[in-house]
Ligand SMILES: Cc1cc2nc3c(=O)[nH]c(=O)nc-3n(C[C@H](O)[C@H](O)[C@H](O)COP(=O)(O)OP(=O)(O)OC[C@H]3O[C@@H](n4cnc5c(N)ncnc54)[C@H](O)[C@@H]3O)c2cc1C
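This document starts with one chain, in the form predicted alone, laid out as structure tokens.
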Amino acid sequence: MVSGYGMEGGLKKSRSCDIIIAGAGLAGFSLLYRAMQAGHWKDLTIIVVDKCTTSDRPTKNWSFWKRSTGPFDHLICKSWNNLSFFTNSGVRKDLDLNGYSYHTIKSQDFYTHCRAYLMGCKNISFIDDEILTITTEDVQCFLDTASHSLTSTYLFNSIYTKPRLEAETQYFLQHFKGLLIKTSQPVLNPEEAYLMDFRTSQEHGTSFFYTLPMAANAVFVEYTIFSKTVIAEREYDEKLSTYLRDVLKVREYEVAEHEYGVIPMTDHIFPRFQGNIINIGSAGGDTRGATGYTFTNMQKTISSILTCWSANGNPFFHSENISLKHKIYDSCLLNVLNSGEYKGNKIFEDLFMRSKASTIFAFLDAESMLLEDVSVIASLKPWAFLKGMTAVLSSRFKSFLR
């Protein structure tokens, strides 16, 4: 059945299905892979839509801490049980992990594995095309591309677009460039990673390095900034070069891989459900506003979706992993960063030098109890966060009045 015209006057194909997956990135593939593995959607027709095929996607390293098993553990390429933190002045702290460990998954390993599995599922088809519109009406969802008009009962959307922000909303960016370098001589102990290394200048904003030894002579180094604007590519390169030369004492190396990314850090409230559209990943608020971390939060959201589907036959779960309490904490931190009175590197220095890493990880994973929250907040300067909390409550009150 033909519903309209596509590019250059060609006829659009009209198709109906049970589920549309809008976006074949980490969120979309995680959801679909886990649903099919669990046997939930094996009798449903599913269409995946994305303009970017697997081979076109840039290589990324997804790193995260955890203390329990996860659905993609078999794809982890490297793990560390020893983590260190460095202040801007060079003071080192070996972190008390108390059961946590740190892990990296390479994006290409993830996409290759998931796509190969999903391509073998006869009820799933793929459309490689740019998504033009997504809408919902009553109990139906609609997605248009240049070549297709699709209709479904449910649509899971992971296509992120910057939202329209209210005046009081904070919107920072976590932007970064990373290099995987190979050297002729060992650089670091491959069993120990630097979680946050602030031994770099802070003129661009809160700036630090992730330093992850992948082998004795291979290190992934990522220069990361929390700020409201990105910088020129040459400035990332200059900071990486300086860190490798002056801090790690590496002068000769070969760049095996590189990556670049920008992640939103905001206290904007993203809608999870819009009719039968379910937003996931950054589009659904799974990115932690205070840190930009997404991987673990997103997997927890997917678990909630699948648990609800198994119990009720629909995806409309009720309890968000990142609760209102933790969203207020995030908003408070972003307001403190925005004021500039309490520098970001000092915030993280106070946090990690005065608190157990395991408590901080639980706090950032939205798993902390009230007493743990108090201990984390108490490690920071109270006056700054009192001002930040005042700004948050004021903005939320104004939003309520609207």
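Numbering starts at 1 and follows the sequence shown. No experiment lies behind these values; they were computed from the predicted model shown.
Another form exists, predicted in complex with the ligand; not displayed. Remarks below refer to it.
Exactly one of the stretches 27 to 35, 347 to 355, 334 to 342, 362 to 370 approaches the ligand in the model of the complex with heavy atoms within 4.5 Å, and it is 27 to 35. At a distance threshold of 4.5 angstroms between non-hydrogen atoms, residue 273 is out of contact with the ligand in the model of the complex. In the model of the complex, the ligand stays beyond 4.5 Å of every heavy atom belonging to residue 315. At the 4.5 Å threshold, heavy atoms of residue 158 reach the ligand in the model of the complex. In the model of the complex, the ligand lies within 4.5 Å of some heavy atom of residue 259. Distance criterion of 4.5 Å from any heavy atom to the ligand in the model of the complex singles out 131 from the list 214, 131, 114, 306. Interface residues of 59 to 83, taken as those with a heavy atom within 4.5 Å of the ligand in the model of the complex (partner not displayed): 59, 60, 61, 62, 63, in sequence order.
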